[in-house]
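So this first bit is one chain, no partners, the form predicted on its own, shown in structure tokens.
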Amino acid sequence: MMLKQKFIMDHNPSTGEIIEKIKISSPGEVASCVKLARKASKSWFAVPLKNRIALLRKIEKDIFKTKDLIARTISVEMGKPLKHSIAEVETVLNTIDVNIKLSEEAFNTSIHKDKNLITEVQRIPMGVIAVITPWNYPVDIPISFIIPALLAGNCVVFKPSEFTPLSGKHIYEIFNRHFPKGVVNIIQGAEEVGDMILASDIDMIAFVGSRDTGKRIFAECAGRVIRMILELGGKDPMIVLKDADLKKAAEYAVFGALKNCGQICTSVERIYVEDKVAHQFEKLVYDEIRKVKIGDAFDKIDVGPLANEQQRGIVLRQIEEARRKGARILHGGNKVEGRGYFIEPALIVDVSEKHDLMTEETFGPIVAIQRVRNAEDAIEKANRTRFGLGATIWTKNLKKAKEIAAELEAGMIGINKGVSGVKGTPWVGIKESGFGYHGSIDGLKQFTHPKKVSYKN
């Protein structure tokens, strides 16, 4: 098989300049990496859990020592403000710690007894795990899969996004300093290389990315009966009832829609507000969005550029389509001319299901507001989607909020807050947002299969 391209041109989205030229892995290199992982898998599984944990504690220390360098690389490659990149690395450290603390309970053999029969249920690693991850959290998302995979006794073949290859390379180099050869491997490239990995001798794939790519992976894995973890995005609704603290709701609407330039799978992508308070809420959101500063990742800003020109094009098309079909743009929404891939954060009202930005994942800096009659109308519209990742509800009536939460078709729901929860609980979606999850004991167990050994007492 001949590659269409031999190099990745890694761009700085704040300037459009090329950072570095990265060699794309050839078919032979992909096959060699997978073969190396397969060879290392038996000896790695034989390493006791406590020894795997000791190595991961070294990774934790190494990441902490180099966190400023890692954060700067994230900001250079994908444009997020430096303070947010630092927060991403700090989240990674927490992820490692939480997974280590949950691992013993997740992977210990359980003993079951019935009269004179004993059954041991062991947790056996899958073998070789392919980890393919996106550019929006280029260190946090890979780590959230690589750590539990290694703790479970698997070896990893890791392909970072072609838009953040250096961030992926940093991860690999840290692991490569401490782990035996072949346990963690890196492959660089885009979709073409991902297809080669998928067709190779792997036992499982952990993928975060677009719904369309996820469906292709699903079909390939189904044909070969390969295990999968798929997170395929979201179209998260925010419901604002008339008794909500409108100021706090407006602040969250802007924060939740614009953080990471809206490039988060749980970004606030659709806001449904009750008619009686809609005008007041829109005014509060307008006042809030006007405070937002955009610019280079290393300046004192709130929002950076889109991560790449392709993504900016998608967002600009949705904005233009909304304008053409009658939505009102109260603020922003224009392409920022000059260097980098910037868009003015947009506040768009009078939207409905006829607009793509209320039905298709946007992944951009847009606050989109639709008025609804009541809570029931909001629930019906919120559920009218193929996605089911997160949702938020804003009301002072906790009983009412819990009733709404019970009806919403989403894996994670926040009441008067975002969707994040207590440490050690799963990050999970339903419907076409995928299946499988990050975090939690169940999340760790995904990287193993149960094996029963039964004998008489």
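Computed from a predicted structure; not experimentally measured. Position 1 is the first residue in the sequence shown; the rest follow in order.
From this point on, the text means the form predicted together with a small molecule, which you will not see here.
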Contact with the small molecule in the model of the complex, heavy atom within 4.5 Å, among Gly153, Gly333, Gly194, Pro81 goes to Gly194
The one option of Asn185, Ser161, Ser144, Ser167 with any heavy atom within 4.5 Å of the small molecule in the model of the complex is Ser161
Please tell me whether any heavy atom belonging to Pro148 falls inside 4.5 Å of a heavy atom of the small molecule, as the geometry stands in the model of the complex. no
Margin query: Quick check on Val208: any heavy atom within 4.5 Å of the small molecule in the model of the complex?
Written below: yes
Exercise. May I ask you to check whether Gly256 falls inside a 4.5 Å heavy atom distance of the small molecule in the model of the complex?
Key: no
| request: Give a yes or no for Trp135: in the model of the complex, does one of its heavy atoms lie within 4.5 Å of a heavy atom belonging to the small molecule? | output: yes
Counting only non-hydrogen atoms, the one stretch of 222 to 230, 127 to 135, 292 to 300, 337 to 345 within 4.5 angstroms of the small molecule in the model of the complex is 127 to 135
